[in-house]
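One chain follows as structure tokens, the form predicted on its own.
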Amino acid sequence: MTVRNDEALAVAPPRAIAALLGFAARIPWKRIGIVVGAYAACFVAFAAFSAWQGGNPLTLVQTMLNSSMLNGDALVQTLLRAVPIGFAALAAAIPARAGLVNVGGEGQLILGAVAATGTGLALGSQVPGPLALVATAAAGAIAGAVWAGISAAARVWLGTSESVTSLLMNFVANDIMLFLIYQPWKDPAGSGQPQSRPLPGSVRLGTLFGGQLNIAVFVLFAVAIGMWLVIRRTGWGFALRVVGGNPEAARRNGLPIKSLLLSSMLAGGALAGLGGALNLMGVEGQLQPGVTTTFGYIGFLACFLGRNDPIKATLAALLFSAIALSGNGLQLVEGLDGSIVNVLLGAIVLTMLAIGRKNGERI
């Protein structure tokens, strides 16, 4: 018996090593190396550009990290800003699975915030807190879905490009918001500023851990994981992938293409509207110009960077949020224009685009 145990011990290490080697062989090391090298090249180029603008390239990275992640308050702000960006990224990722291009995340965020404002102000303190919170968030999701549904309907029944219509509707959504906060919803106590009345406390998201962090951050990551599971594990998600990958095969197999296109855009718009509502309920507190500050467009880029994968797109949104927030530190510490971080964002997106095209990936 002892001999058999000794033999088992002697055989186990080689088997374990073989398993580890097999696992390591399946990791796309070349791809990882290319991506890491590309990110490093982007930061080197950004450092050189910052030095040309008068910054110190030796302290650049440290300043960016301190102002976005290493400091506790800055990390919270990065997470909070990632909420609307992340939901906008998801709003683009879901339709992309069906081959659609939703550039309307900005407008859907705005309409979500508008609907949340109207619902929150109407409910006031007349409805119990939890129910008021759910109703306000749901109103934002419904508004976002309706707004995205207009572009989807135009694509399905009129044959228009959803990328063009969704982009144009961003400006219409902004005009609707401006009309409301300049006219019927204008806060009489706002010192003449174009803004709505503040949301009542019953529809504001409470803070966690004694700071500014709120539950919207956890909702974002939970939704991202949920949508990843839906895309990977459900028949609807499989059908979306078939339609997006091979529409002719989907048609021949009798898949309801129009319904799938509509449902994917509706789902994406609902997610963006929810993001706009949660951002309003958790951070802004009242509707005002610039309530989304191009979060929708940044989210679209995050979706591209994440290759239309819900989890990767959300992580990309977190990265973009950190980079965008680091502009404040670069302005205060390095004396640079805060918008210089847009150079880094653009470099990352263009570099990943070049890598994807070279590898023959479908963008």
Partner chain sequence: MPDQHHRTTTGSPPTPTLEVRELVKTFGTVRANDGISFTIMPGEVHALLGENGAGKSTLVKSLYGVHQPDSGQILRNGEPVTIHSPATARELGIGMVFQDMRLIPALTVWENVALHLSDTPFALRPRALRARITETSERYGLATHPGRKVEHLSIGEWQRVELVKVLLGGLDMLILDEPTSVLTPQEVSGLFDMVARLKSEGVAIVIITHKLREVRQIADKVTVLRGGRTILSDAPPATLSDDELITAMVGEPVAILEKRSTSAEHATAEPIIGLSGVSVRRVDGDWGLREVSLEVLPGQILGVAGVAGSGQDELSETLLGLRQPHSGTVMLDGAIVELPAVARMRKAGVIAVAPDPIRQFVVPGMSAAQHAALWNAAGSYSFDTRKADADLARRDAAGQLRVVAGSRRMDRLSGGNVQRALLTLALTSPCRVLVASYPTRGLDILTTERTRTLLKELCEAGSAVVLISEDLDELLTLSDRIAVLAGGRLTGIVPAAAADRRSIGELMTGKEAAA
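Positions refer to the first chain, counted from 1. Being a predicted model, the structure only gives us computed values, none of them experimental.
The next section is about a form of this same protein that is not shown, the form predicted together with the partner chain.
K.L.:
Report yes if any heavy atom of K186 sits within 4.5 Å of a heavy atom of the partner chain in the model of the complex; otherwise report no.
P.N.:
Outside the cut-off, so no.
K.L.:
If you check in the model of the complex, is R197 within 4.5 Å of the partner chain, heavy atoms only?
P.N.:
R197 lies outside the contact set for the partner chain.
K.L.:
Residue-level contact is defined here as any heavy atom of the residue lying within 4.5 Å of the partner chain in the model of the complex; does L255 satisfy this criterion?
P.N.:
Close contact exists here: in the model of the complex, L255 approaches the partner chain to within 4.5 Å, heavy atoms only.
K.L.:
Looking in the model of the complex, any heavy atom of A249 within 4.5 Å of the partner chain?
P.N.:
Yes, A249 lies within 4.5 Å of the partner chain in the model of the complex.
K.L.:
Report yes if all three of G235, V242 and G245 come within 4.5 Å of the partner chain in the model of the complex by some heavy atom, otherwise no.
P.N.:
Heavy-atom distance to the partner chain in the model of the complex: all three under 4.5 Å.
K.L.:
Partner absent here, but in the model of the complex, which of 83-91, 69-77, 258-266, 274-282 has residues with a heavy atom within 4.5 Å of the partner chain?
P.N.:
Checking each option against the 4.5 Å cut-off leaves 258-266.
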